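Okay, so here's just one chain, in structure tokens, the form predicted on its own.
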């Protein structure tokens, strides 16, 4: 990247998100042909001059394509915009971008404080006594829906890949801890139709999830409310921790993993799915970016495969296998 461009990197995201939020990519996705800036502005109820500049910036970022006809520019989506940026696309990442735009990026103003102090900045971000990231998110139904939407977007792209990293056919009853969105459970049932999944999450999350959840087979997916640090967890052949351990420090992770080992049936196991650093800690920028977000919002961190294995081993799990997908890592430990 040209060093000159670094100062604009946050602006790049905001241009992309603004176009998605205003509906530019959806309008062009639905259109059977490219449209002029005037037609797009009229269709979306914006100013012509503002839309013209936004469209030109999107062309510069290769999110849109433009062709000239009779000295007029006509705009259309690129394949990337059609697939990932239009809200109407089955693989849309709009909710994930909205979550980042409303939660993560504004809070980065506290990053320097987090680095200086080595602790999260939740109290400063929300100007309240709250010290827990999820307490802040779950305080409103809008927050829960925003978080679930972001999770859904992410798992649409990577869930099946993660589930297919290991043969899980020998595990018939699954407990998905913190899986309130239900996305992972649905994908697991699709991959292993003879299995059943219990989603274990906080009562307020379960209550909201039940209202919006449409399971393929209701008998195969059930919900149970509780706090997995304080309450007993359901019996299961396999416990799934998808994007859970990175939210907590080593002590809390050990507490949870030890609890799962004791609850786990002989021959059962735990499947951990996380953004994972490489052992040299120089690759996988996504995992480093996740680590920075965690520093600002939680007491957790991203870990290397060996660090995950050490936690699983200390909790009692054996035969630990580790694999790395395109974005996330997966580890399977057995009792």
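In this text the structure is predicted, and so the values were computed from the model without any measurement. Numbering follows the first chain given and starts at 1.
Only in words, not in the display: the form predicted together with ligand SAM, which the text now covers.
In short, of 71-79, 244-252, 261-269, 85-93 it is 244-252 that has heavy atoms within 4.5 Å of ligand SAM in the model of the complex. Ligand SAM in the model of the complex comes within 4.5 Å of a heavy atom belonging to residue 178. Not displayed here, ligand SAM is kept clear of residue 223 by more than 4.5 Å at the level of heavy atoms in the model of the complex.
Although the partner is absent here, residue 163 is not a contact residue: none of its heavy atoms lies within 4.5 angstroms of ligand SAM in the model of the complex.
Ligand SAM is not shown here, but in the model of the complex it comes within 4.5 Å of a heavy atom of residue 229.
Contact with ligand SAM in the model of the complex, judged by any heavy atom within 4.5 Å, is made by just one of 171, 110, 192, 134: 134.
Between ligand SAM and the residues 156, 103, 114, 205, the one pair within 4.5 Å by heavy atoms in the model of the complex involves 205. Along 141-164, a non-hydrogen atom within 4.5 Å of ligand SAM in the model of the complex is carried by 147, 148, 151, 155, in order along the sequence.
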